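Okay, here we've got a single chain as structure tokens, the form predicted alone, with questions on binding and movement later.
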């Protein structure tokens, strides 16, 4: 199985060695270059997913034509959309709270990019695409991802628009209702792995769970505890605001929610942040439930990308197939359903691991 093993040299150290740099300077330069590489990989995937893949996948699910005129397979729509959106006038609402209004579109994508810093993405040739591996890596990635809610509240409040404010308030309500079940469910994985360190969680899934007809089924936590996997998937969908949980920006009710008053480059940054968080959600799921970059034959990084794109595909299916729930239904599902089930899963996992150990 290709993938990440504990003790592997991280990307910043590898880059510093390749450039012949040592000491603090080598660490700093390697870290900056590594962050530049990882950040641009994620931004490139987001650039393909937002303007092009989203339209193509949704059209396939709903039996419609998607973009097919601008370039081969409509791929040049990525360039066309970028020029069109960035060329629009940046309109600032009167009486807007400028510091919050200006910072919100920056904070949203930045929070997602920070999360990728501790995600082990596997090998790509001689390089191990993993920037940092702190002992509390899982806690850090959740902390970084949760900053997004602050950005949504800032944008909604600062816009001086009642629909935007409503979207920001809904974002807070949704985040509180589903982030607790999300983290509690992830803690059941920590009980199995015995660590919050991302590389350890991946390494613990490297064993074989069972062999069926000569085929080895890996001990991925999605197979070990499928109930926790489903719970995390639902809570993750709510956390990233995808159907049926796209309440903070429900266009049928609140125009566009927290981003109603944003245009031009600010709108692009919001849009970019939204898709970066989808990929971050897929990266977290791949890491703690699907063996991270583990997979046969292909390099680990290729498997990692396949897994997070599979999650993106699922979100697009949900967008086409599932109706949006009302805000009261969303809160009820979170507090009365997901919270109870996540704690039940945690207790049951602790009992099982305690008995086996």
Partner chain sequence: MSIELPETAGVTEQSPEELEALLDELVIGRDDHLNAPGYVIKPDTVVESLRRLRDDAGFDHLSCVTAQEYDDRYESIYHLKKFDDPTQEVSIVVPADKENPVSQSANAVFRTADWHEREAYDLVGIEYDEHPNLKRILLPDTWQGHPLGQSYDQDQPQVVPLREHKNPLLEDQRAASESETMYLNIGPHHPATHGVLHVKAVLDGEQVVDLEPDIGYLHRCEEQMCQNSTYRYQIMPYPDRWDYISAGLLNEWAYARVAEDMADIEVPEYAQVIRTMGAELCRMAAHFLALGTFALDIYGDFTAIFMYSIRDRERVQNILEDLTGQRLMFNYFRLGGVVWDLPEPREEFIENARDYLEELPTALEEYHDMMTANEILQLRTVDTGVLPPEVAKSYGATGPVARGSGIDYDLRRDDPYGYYDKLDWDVVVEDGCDNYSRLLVRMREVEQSAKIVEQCLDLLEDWPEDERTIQANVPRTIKPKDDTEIYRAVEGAKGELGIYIRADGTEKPARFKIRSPCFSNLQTLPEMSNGEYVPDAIASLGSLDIVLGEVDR
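Just so we're clear, the structure is a prediction, and the values are computed from it rather than from any experiment. Numbering follows the first chain given and starts at 1.
Note that the form predicted in complex with the partner chain isn't included here; everything after this is about it.
Highlighted residues 162, 253 and 322: every one comes within 4.5 Å of the partner chain in the model of the complex, counting any heavy atom. Exactly one listed residue, out of 149, 100, 197, 243, brings a non-hydrogen atom to within 4.5 Å of the partner chain in the model of the complex: 243. Heavy atoms of residue 166 reach within 4.5 Å of the partner chain in the model of the complex, making it an interface residue.
Among heavy atoms of residue 61, some come within 4.5 Å of the partner chain in the model of the complex.
Interface residue remark: residue 327 is counted as part of the site for the partner chain in the model of the complex, having a heavy atom within 4.5 Å.
Interface residue remark: residue 277 is not counted as part of the site for the partner chain in the model of the complex, having no heavy atom within 4.5 Å. With the partner chain omitted here, the record of contacts in the model of the complex names 327-335 of 286-294, 305-313, 327-335, 35-43, defined by a heavy atom within 4.5 Å.
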